[in-house]
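The chain below stands alone and is given in structure tokens; this is the form predicted on its own.
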Amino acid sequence: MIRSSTRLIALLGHPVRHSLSPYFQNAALSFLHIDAVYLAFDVRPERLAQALEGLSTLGALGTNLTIPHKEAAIPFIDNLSDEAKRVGAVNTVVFNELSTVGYNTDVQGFRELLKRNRISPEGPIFLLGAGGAAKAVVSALSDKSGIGIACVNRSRERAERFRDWARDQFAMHIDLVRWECFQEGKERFIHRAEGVINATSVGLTGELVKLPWENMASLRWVVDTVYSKGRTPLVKEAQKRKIVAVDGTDMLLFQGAYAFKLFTNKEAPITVMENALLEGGKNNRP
């Protein structure tokens, strides 16, 4: 029951209607009898600063941030955790009485996804994207700096910034590959690649991420950080080809569990959250 004492936890994104976070976050709040509610808000990029200031003014406990706000929010946050500083992206903001603190729980979320699905990257790997999600992936793989990662991105300038960031933060070398070159199967080690990680938003609304399947003879696994409406088109296509493939549901669950603890100072009830997430996924399908 919502009362006059009920605190707000928000999710800010654009778009945000696809999000399953309210399902499992509210289930966890209810299970632990925490007087708070988790709501999603579609906030256009140019209104992000106002949204964050408004939430802080209203006394919200905090907010999660999703596409396209994870990097853009940093100038509007007072303090960053060490992880958020390294990644250069924030997906969780806690509002204290006098300041805001930004965290990145996507890194832990991606590590848990790999662990749960028994994926142990050895390389080479193609990483699609060069934004906040891609930075979380590289941070999670930073202890495997020699595996060989090639970043595939449409914007060369953004990809170069991503490469420089990985070098500066982790002394990790990232090869850069043009999107067109990758899709045409012309990259030099494409025949040896063992894995593909989609860290773009492609697939969020049902689009298929096109891979040069016929040129990827050594491909063993695919991870799609997108989780929209059950199995994503990329996951379905990979599974048709008998390739191990998982979407971002586990990453969503565990990053959300870490965020829940930051918001409430309570351990997240993982089983409760996972059951609610699965049920929410069923209800959110067309």
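Predicted model only: the values in this text are computed from it and were never measured. Residue indices: 1-based, along the sequence shown.
Quick note: we don't show the form predicted together with a small molecule, though the next part is all about it.
Asks: Where, among 41-49, 26-34, 64-72, 257-265, do residues come within 4.5 Å of the small molecule in the predicted bound form by heavy atom distance?
Replies: One stretch meets the cut-off, namely 64-72.
Asks: Is G129 near the small molecule? Define near as a heavy atom within 4.5 Å, in the predicted bound form.
Replies: Although the small molecule is absent here, G129 would touch it in the predicted bound form, with heavy atoms inside 4.5 Å.
Asks: Although the small molecule is absent from this view, report whether A199 comes within 4.5 Å of it in the predicted bound form, heavy atoms only.
Replies: Within the cut-off, so yes.
Asks: Indicate whether the small molecule has at least one heavy atom within 4.5 Å of a heavy atom of V235 in the predicted bound form.
Replies: No - in the predicted bound form, heavy atoms of V235 and the small molecule never come within 4.5 Å of each other.
Asks: Check whether W165 has any heavy atom within 4.5 Å of a heavy atom of the small molecule in the predicted bound form, and answer yes or no.
Replies: Answer no; every heavy atom of W165 is more than 4.5 Å from the small molecule in the predicted bound form.
Asks: Considering R86, K144, R158, R178, which brings a non-hydrogen atom within 4.5 Å of the small molecule in the predicted bound form?
Replies: By the 4.5 Å heavy-atom cutoff, the listed residue in contact is R158.
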